[in-house]
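Quick heads-up: it's one chain on its own, the form predicted alone, in structure tokens.
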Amino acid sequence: MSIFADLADCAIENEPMSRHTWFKLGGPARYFIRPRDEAQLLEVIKRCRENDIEMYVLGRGSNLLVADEGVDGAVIHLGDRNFGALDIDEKEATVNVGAGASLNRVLQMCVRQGLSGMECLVGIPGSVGGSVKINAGGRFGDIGNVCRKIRLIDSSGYQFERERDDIYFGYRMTNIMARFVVDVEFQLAPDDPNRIARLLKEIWLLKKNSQPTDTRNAGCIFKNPRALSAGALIDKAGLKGFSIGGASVSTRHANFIVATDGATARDVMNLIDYIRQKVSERFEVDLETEVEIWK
């Protein structure tokens, strides 16, 4: 009998992860759990810990590659609306939002309320929690710039808060070790909604014209090495359009890998390894992956 049998409203077994990633790839999760609230999340954490079940935290799957064999553990997805609540304090210009909310939804609300500071995140399809944990962003800024407070739960079920001064936001990384981001408070600034909307549109058009937004991909595959562009290095290595199986280096932006019909996660992993090898051979640069890989 499954240890989650009495949680049938939120837990299923052998759920294909291809249904939950933007690559549309990945084998089954032994358990796929979507807690309805924090009390249920804490109970799931407790059972995983007591039964030595590894926990994986799923946001919106936009920066994730899951192996064809799947994962032998519990994939916990904070996708219930209780984990996506959004509260705006116009007087203080703060936004408190649940980790499961999408960045796009938060941005839309900020525009309507005339709150500026998150425009640099337009076009990033992730959840708030996942974006904070990796300090998502781009050339126009990152999410860490506006984080004021974060509420967390670790793998033992301990709940606590971290203030901005306690958190290090680096390039696509933070020092947040807790497994679960529960909610985040952002400090923004009042501004003209029309000006914010224009800036959002400008940044979005720049991304749309330079990235393969209409394909199955997981965003940038590699982090940019210091003072260098991963995409430029891959392009100079002559790898634009290069394919392994159903995975191809995008012809629009070389730091994107596109999955086509018939692609497997193994194809993508092999292509990642091949790109790293060629860039290392030619430029003596070791590329570090930005995409999260579960295998």
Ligand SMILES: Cc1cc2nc3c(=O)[nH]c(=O)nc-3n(C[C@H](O)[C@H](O)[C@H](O)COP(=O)(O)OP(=O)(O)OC[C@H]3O[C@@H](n4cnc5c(N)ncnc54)[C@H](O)[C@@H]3O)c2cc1C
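Numbering starts at 1 and follows the sequence shown. Keep in mind that what you see is a predicted model, and the values were worked out from it rather than measured.
Keep in mind the form predicted together with this ligand is missing from the figure; the text below concerns it.
Contact annotation: A263 falls outside 4.5 Å of this ligand in the model of the complex, judged by heavy atom distances. Residue contact with this ligand in the model of the complex: W294 places a heavy atom within 4.5 Å of it. The closest non-hydrogen atom of R179 lies within 4.5 Å of this ligand in the model of the complex.
Taking the partner from the other structure, this ligand in the model of the complex has a heavy atom within 4.5 Å of a heavy atom of N63.
Listed stretches are 154 to 162, 207 to 215, 194 to 202, 84 to 92; the contact stretch with this ligand in the model of the complex is 207 to 215, by a heavy atom cutoff of 4.5 Å. The putative spot formed by F222, M269 and V279 is not touched by this ligand in the model of the complex; no residue has a non-hydrogen atom within 4.5 angstroms of it. Of the residues given (C110, I134, V97, V146), I134 alone sits with a heavy atom within 4.5 Å of this ligand in the model of the complex. For the options I33, V258, L233, L58, the one in contact with this ligand in the model of the complex, meaning a heavy atom within 4.5 Å, is L58.
Contacts between 121 to 136 and this ligand, taken as any heavy atom within 4.5 Å in the model of the complex, involve G123, I124, P125, G126, S127, G129, G130, S131, K133, I134, A136.
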